[in-house]
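Heads up, the chain below is alone and in the form predicted alone; it's given as structure tokens.
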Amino acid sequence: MHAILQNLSILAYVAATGLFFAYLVQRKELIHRLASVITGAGWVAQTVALVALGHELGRPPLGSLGEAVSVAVWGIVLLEMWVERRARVKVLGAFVLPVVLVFSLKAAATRQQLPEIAPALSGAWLWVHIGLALVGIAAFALNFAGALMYLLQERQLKAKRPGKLYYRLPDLETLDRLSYRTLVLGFPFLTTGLVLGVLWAGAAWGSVFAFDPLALLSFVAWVIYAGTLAGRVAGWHGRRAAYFAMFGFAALVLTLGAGLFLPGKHG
């Protein structure tokens, strides 16, 4: 049952992505409402799918990286719907849903291929470590979207003849604020998740320095986001902060890719 519902959620995200792109071009309210409804329907289907999977497995659906990516997608969509409504950035879905779609397809393609993470340290610590890290990833997906929109809008403003995107995207101040708030939201979750991961590694592997591509790249991503947050506190804003947001999310994508395709302690 969970596989059918998961596939239905992916189809819904495909349709919603197309509709959000159509809204970005045409700005018709009916298209946006339809895209929002389909996104919500896809999220509900994925929620039921994850609950069914957890019931079938007898544990949280976080035991493999494929499952974890699916949960990350669930969190990204939930946060996107909340931020869109709260910040009134109606074009946000056009920049977040493509990320959701790529992650969903990758999780679906690898779900049956990946072994479970070795439960060397069973119990709540492992699940909390993974869950907190995924909340951070969800926030950083929106941080990436805000940064991308900022760079596109800034480019439109510098052009002698701004294109259609200029009239579709929010102002630079709104986008910079979105990028900053999602950074502040995601960083504590990622940090706490990684700290718990270090403690988990020490007990499970005998050493926190055991080589693992996912752990190594997670630390690289954390350093980038920590530097970005420190720069923000020091007065960074605009283009510089946007570029660092892009670099940080690229590091997170590489982290997930390393976990999915490279041998290591995580799988």
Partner chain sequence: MALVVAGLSHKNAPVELREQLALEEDKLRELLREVAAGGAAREAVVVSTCNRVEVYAVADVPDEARAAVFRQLCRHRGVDQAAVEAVLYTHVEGDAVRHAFRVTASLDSMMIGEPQILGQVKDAFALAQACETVGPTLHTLFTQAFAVAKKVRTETEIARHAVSVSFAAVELAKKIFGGLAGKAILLVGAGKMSELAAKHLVEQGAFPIYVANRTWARAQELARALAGTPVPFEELDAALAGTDIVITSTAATEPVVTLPRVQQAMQGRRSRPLFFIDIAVPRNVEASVDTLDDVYCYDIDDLHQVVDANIRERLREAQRAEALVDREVAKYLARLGDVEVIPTIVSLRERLEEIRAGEVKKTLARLQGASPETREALEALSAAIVNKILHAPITKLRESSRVGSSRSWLDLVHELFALGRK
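Here the structure is a predicted model, which means the values were calculated and not measured. Positions refer to the first chain, counted from 1.
Form predicted together with the partner chain: not shown, discussed below.
The candidate site formed by Q6, M81 and R86 is entirely out of contact with the partner chain in the predicted bound form, as no residue has a non-hydrogen atom within 4.5 angstroms of it. Here the chain stands alone, but in the predicted bound form its contact with the partner chain, taken as any heavy atom within 4.5 Å, falls in 231 to 239 among 231 to 239, 56 to 64, 38 to 46, 214 to 222. Interface residue remark: L196 is not counted as part of the site for the partner chain in the predicted bound form, having no heavy atom within 4.5 Å.
Put simply, L169 is close to the partner chain in the predicted bound form: some heavy atom of it is within 4.5 Å. Not displayed here, the partner chain is approached by L157 to within 4.5 Å at the level of heavy atoms in the predicted bound form. Among residues of the shown chain, P162 is one whose heavy atoms approach the partner chain to within 4.5 Å in the predicted bound form. With contact defined as any non-hydrogen atom lying within 4.5 angstroms of the partner chain in the predicted bound form, the stretch 213 to 227 contains no contacting residue.
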